[in-house]
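First, one chain by itself: the form predicted on its own, in structure tokens.
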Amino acid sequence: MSKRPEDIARAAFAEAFGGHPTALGRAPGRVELLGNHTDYNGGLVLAAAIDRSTVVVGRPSAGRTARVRSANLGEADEFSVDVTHPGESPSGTWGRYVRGVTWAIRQDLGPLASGFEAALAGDVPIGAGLSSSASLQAAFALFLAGAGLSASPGGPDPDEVAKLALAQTLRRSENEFVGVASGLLDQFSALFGRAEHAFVLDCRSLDHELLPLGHPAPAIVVCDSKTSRRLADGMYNRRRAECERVVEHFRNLKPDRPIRQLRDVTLEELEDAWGDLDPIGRLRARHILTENDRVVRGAQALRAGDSARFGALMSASHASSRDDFENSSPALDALFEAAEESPGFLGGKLSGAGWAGCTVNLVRAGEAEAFAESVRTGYDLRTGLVPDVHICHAADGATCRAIDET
């Protein structure tokens, strides 16, 4: 039986620093169930935190130096807690995220109380579209709070205002320090998740609502196509530009009304202007606008306890991504087709940015193992590859706690 991330992190801490840590921060990964590429268009997203997490354990230390160990990668980093700008950053991705959180908390909340020693470990698959980076960010921030090193919100149940403020600080860390132009969804998910629930998030107003997945809740099964998004470098920014060109068309068409993002355009207006729009851009816009509608209808389905209807909307989202947004791939389509044929399948879609990586599937409780085996076989027959399959469940958001060694 594999060890828990907490056990691995604590063993790494003892080996690297000796003695015992005094505080722990934990934060989950996440899956996007509906709302593909809607976030930067000011739209709606429906997501869930999952029971794969990053754990950070550590203790304050004298002086102003941070010493951090990554148990999974067997790497270490050391830096001043008074890090002042993004240029003070190592080449390794995980180290940039740790330093970035330290920097952003210092910018927003003031200097840390002292240096620290910490070790981290996790079971959120890296590069699988499950937001391992935001999981690391939130776990590290909650460790700092739990250790009394920062004023960021801590405790097992910080209030919503505090969590939202922390999510925005963590996004700033990723945007300005790491240099990734992400929205708020990943950090929000790590902090606001709840077991057996999804949530809907308005990416503009930040209004949100928890939605029950059912009792028993379906499994959330992530299938890794074993293909890399490096083959699609630049596609994310290209899609953003294609959406923006449609927004610019409507700004010129309707100067009497503020149109900031695709969220401000109706599907009826898009259809009326169809013949005047760029043939590529209008397809991208149709995906975004129909995807927002699918989020609205998906939330209604979950409120009504209709997981089958919700699953059908997930599958419709995949078709829209494939045909209109064109961010699927032969490998992702093969995974989706294998899932459709498998027991317990309620619905599925590509995960995250798309083009490669993973699909996410909603599977009836009790049938996840049979589903996983069927997908492995079906995908192998289609591609000659055996996918990694991660059976997950909706989980609670980030927490911190003191570690009592007595």
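Here the structure is a predicted model, which means the values were calculated and not measured. One-based numbering along the sequence shown.
Beyond the structure shown, there is the form predicted in complex with a small molecule, which is absent from this document and is the topic of what follows.
For the chain shown here without its partner, which stretch in 119 to 127, 176 to 184, 252 to 260, 306 to 314 has non-hydrogen atoms within 4.5 angstroms of the small molecule in the model of the complex?
Careful reading of the contacts points to 176 to 184.
Counting any non-hydrogen atom inside 4.5 Å, which residue from 357, 348, 35, 58 sits next to the small molecule in the model of the complex? None of the other options qualify; the answer is 35.
Quick check on this chain: which one of 42, 344, 378, 352 has a heavy atom within 4.5 Å of the small molecule in the model of the complex? None of the others qualify; the residue that does is 352.
Inset, instruction - Indicate whether residue 192 is a 4.5 Å heavy atom neighbour of the small molecule in the model of the complex. - result: Taking the distances in the model of the complex, the answer for residue 192 is no, it never comes within 4.5 Å of the small molecule.
The small molecule contact in the model of the complex: residue 236, any heavy atom under 4.5 Å | Contact with the small molecule, yes.
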